[in-house]
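Shown next as structure tokens: one chain only, the form predicted alone.
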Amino acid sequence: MNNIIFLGLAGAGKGTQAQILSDTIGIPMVSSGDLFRFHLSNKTELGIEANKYMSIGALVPDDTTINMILQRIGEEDCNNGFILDGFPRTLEQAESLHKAVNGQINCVVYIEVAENELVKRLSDRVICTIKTCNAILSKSAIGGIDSNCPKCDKPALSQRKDDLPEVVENRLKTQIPLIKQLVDYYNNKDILISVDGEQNVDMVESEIQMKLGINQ
């Protein structure tokens, strides 16, 4: 069983690298952000509650997040393992996960990126709102938010409210002390590996796979 966690601040590239690893080793990626956005778009009770916090860059309460994640990793496709992106974000979440899986976390990949670089990245990020596409793109690279999505060629680009500069700064201020606690928590369990997230995507991927001992 391979149970792997991707840890890092918003914009560090956790989702990109978690998906690459998922495709490489055939273990499902479970993204807390994607789960929340599913509930938001479907206007479920959980989604309405979560939006109160996500729209201002604050963390969703632990009990809501924990229950959602534990339900997801209990599904059949996670029987041989899972890759978590965006969870845990607090010590309480980490401890709850540890108990739920009987301590069976193989590795925690910590992607390190400087705060000023993260503000720059997130403020430039746009997404395609077409559900079958859902591309994440650089606004400056594609010529602005009014351009068509280069992946599906639809005029459906949007910037998430929590990627606006003032919200990004608030998100990072909230996350930094929590990340430090989680880094210490997993480092003490001797399952943490650190990766330089300021390299290009391919180099980050190579460093992760090398440190995980995956044949490339």
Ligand code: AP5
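Quick caveat: nothing in here was measured; it's all calculated off a predicted structure. The numbering used is simple: start at 1 and walk along the sequence shown.
The same protein has a further form, the form predicted in complex with this ligand, not shown here; the description that follows concerns it.
- Taking the partner from elsewhere, L9 is found to have a heavy atom lying within 4.5 Å of this ligand in the model of the complex.
- This ligand is not shown here, and in the model of the complex it never comes within 4.5 Å of any heavy atom of S96.
- Remark: T132 does not count among the residues lining this ligand in the model of the complex, judged by a heavy atom distance of 4.5 Å or less.
- In the model of the complex, at least one heavy atom of G33 sits within 4.5 Å of a heavy atom of this ligand.
- Annotated contact segment (heavy atom within 4.5 Å of this ligand in the model of the complex): 114 to 122, selected among 114 to 122, 142 to 150, 98 to 106, 71 to 79.
- Although this ligand is not shown here, in the model of the complex the stretch 42 to 58 places heavy atoms of Y53, M54, A58 within 4.5 Å of it, in sequence order.
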